[in-house]
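Just the one chain here, the form predicted on its own, laid out as structure tokens.
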Amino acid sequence: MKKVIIANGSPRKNQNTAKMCESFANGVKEAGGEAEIINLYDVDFKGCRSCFACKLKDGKNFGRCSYPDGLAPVLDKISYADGLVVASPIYCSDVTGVTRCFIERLTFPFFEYKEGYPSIAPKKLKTAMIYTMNVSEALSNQMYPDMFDKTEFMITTVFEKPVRIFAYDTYQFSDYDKYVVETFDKNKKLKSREEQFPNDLLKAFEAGKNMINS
């Protein structure tokens, strides 16, 4: 049975990004695979510490992150999976800090400082990225013209190029009246959640099936 690890980089376990992760996982299971969702905010870890143990000639930890924190067993699990999904909301024009730290720790040990930066990952994993954001697709294209390519650069270097799944114009608050949110129309947001978000969940579901079947 093929195994897919889904790393959720959102702090909110029951909102948009989490629901997209769950839908992707359901697609994996529908296609006969196994899916595990890992909430990165529950894992005790930080970003790369630049110790270079993963690059040390003849080192016992060459090609793997050796730092003994909560992420170590997660990284080992991913190394031998068949697929990886990284999911994040967009905060301050980028993926969450936790997501960025995760990508550093995951990918840096898996390429060599040689011409072409060859990958030494145990498997050339199939990958996908799930992005959720409260702006429209048009505004996202205007605000983030190259952000997604930069985010995915290291993943593409060591694994397969990610499939992208987007959820735009998401419903951000449970009650818009309780917050200062003058730039968004709560009624339009509600309409988007009711009419568009189900389609986004379906895209995630189909992408999960495709990761197993392709």
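Nothing here was measured: the structure is a model prediction, and the numbers come from that model. Numbering starts at 1 and runs along the sequence shown.
Unshown form predicted in complex with a small molecule; subsequent notes refer to it.
task = Report the stretch among 165 to 173, 26 to 34, 55 to 63, 42 to 50 that approaches the small molecule in the predicted complex to within 4.5 Å, counting heavy atoms only.
result = That would be stretch 165 to 173.
Heavy atom within 4.5 Å of the small molecule in the predicted complex - the one residue of 74, 90, 98, 84 that qualifies: In short, 90.
Identify which of 103, 129, 78, 133 has a heavy atom within 4.5 Å of the small molecule in the predicted complex; exactly one of them does.
-> Residue within 4.5 Å of the partner: 133.
Exercise. Give a yes or no on whether each residue among 3, 107 and 111 has a heavy atom within 4.5 Å of the small molecule in the predicted complex.
Key: No: none of 3, 107 and 111 comes within 4.5 Å of the small molecule in the predicted complex.
Is the gap between residue 191 and the small molecule in the predicted complex 4.5 Å or less for some heavy atom pair?
-> Close contact is absent here: in the predicted complex, residue 191 is far from the small molecule, nothing within 4.5 Å, heavy atoms only.
Taking heavy atoms only, is residue 196 within 4.5 angstroms of the small molecule in the predicted complex?
-> Residue 196: no contact with the small molecule in the predicted complex.
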